[in-house]
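Here's a solo chain for you in structure tokens, the form predicted on its own.
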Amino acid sequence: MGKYVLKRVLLMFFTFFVITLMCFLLIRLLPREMPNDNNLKEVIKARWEALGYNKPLLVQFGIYLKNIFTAFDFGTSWAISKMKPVTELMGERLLPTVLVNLYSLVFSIPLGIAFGIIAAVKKNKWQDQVISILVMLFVSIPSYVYAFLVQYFLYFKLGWFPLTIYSKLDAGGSYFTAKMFYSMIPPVLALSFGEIAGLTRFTRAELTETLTSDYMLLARTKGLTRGQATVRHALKNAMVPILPMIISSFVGILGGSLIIEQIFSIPGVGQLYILSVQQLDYDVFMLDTIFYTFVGLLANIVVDISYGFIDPRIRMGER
């Protein structure tokens, strides 16, 4: 197991390096415009000179890596926030993204698993058919469509929630106030619908297969009721592939929040990513790319390794 983990970690860093190199080369090939502020032109020219912008691309990448490893310097924002280190800019926007995604997971996981269990236990009955139709519908619709529907019904028609989340100042100076949580409910709902449907479909498929297995028949012949056999045996074994999927769901929600943050004016990492593309703020774009790439690769490794810890039989097969 240790060799397998080490191999996966090394492969992850290699993949991470290749993706970072490709994004860096492609972004540096784009034209770079000097800001209109005459007071900053000389400072910016000196900064660009230090970063090697007049040198070959691979030399620039070497300087970029050297700055990261020696000074933790990922560059400077030139458009979104002039002359501000991108790490500082990213740090200010990380908390709203994490909160919205965590709230969405906390809301999605129990509902998705519960609906999946109901559909599996009531297989081929009207409950299963209704849930399956709704799952097919909700899985097919992207999260930004839910965002517009949530805004239309909950804000425009019913007036229950604000159109966008409150600013930190309006919410009482913190992201952990009840007022801020209240304003985050619409984007959380928009992110959750697709994840609930995905978890429901996956849970139903796994639990249905487990309920028809031989050991379930043996449990029933030993005198256990259907409910007892389902809780003691079927659910326990069905959770083996479901739990790692919950980890991967975080990455799926994180990707969907790119657009959701823009729609609901959430000052998070996703909105920063969109702004960096719109305003050609290349250093901000690179740090955002590194963040999303690292989170995605790390989640894949955690998912793969978690199978071995959840089910010892997988570790035995690996050896």
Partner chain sequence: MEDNKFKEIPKEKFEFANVGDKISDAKFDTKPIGYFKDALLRFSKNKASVAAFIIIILIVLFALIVPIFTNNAKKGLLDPYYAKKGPRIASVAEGTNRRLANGGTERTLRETSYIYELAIGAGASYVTGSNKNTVTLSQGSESKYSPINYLKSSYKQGKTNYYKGNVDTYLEVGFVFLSLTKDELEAIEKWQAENNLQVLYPLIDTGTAASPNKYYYGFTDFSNAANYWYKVVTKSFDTDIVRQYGVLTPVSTKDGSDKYLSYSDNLVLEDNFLRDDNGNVLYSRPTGGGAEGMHQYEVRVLYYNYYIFKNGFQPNYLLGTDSQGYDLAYRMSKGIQLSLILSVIVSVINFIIGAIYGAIEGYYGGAIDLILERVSDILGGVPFMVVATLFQMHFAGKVGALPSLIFAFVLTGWLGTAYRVRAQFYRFKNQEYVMAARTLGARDRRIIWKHIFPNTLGTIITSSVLVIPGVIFSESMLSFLGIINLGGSKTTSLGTLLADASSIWTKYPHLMLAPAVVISLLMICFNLFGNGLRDAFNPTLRGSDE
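Keep in mind that what you see is a predicted model, and the values were worked out from it rather than measured. Numbering follows the first chain given and starts at 1.
Unshown form predicted together with the partner chain; subsequent notes refer to it.
- In the predicted bound form, the partner chain stays beyond 4.5 Å of every heavy atom belonging to residue 57.
- Residue contact check for residue 14: one or more of its heavy atoms lie within 4.5 Å of the partner chain in the predicted bound form.
- Looking at residue 176, you'd find every heavy atom of it more than 4.5 angstroms from the partner chain in the predicted bound form.
- A residue is said to contact a partner when one of its heavy atoms sits within 4.5 Å of a partner heavy atom; residue 140 meets this definition for the partner chain in the predicted bound form.
- Interface residue among 65, 43, 274, 50 relative to the partner chain in the predicted bound form, by the heavy atom within 4.5 Å criterion: 274.
- Between the partner chain and the residues 74, 103, 161, 144, the one pair within 4.5 Å by heavy atoms in the predicted bound form involves 144.
- The candidate site formed by 9, 107 and 299 is entirely out of contact with the partner chain in the predicted bound form, as no residue has a non-hydrogen atom within 4.5 angstroms of it.
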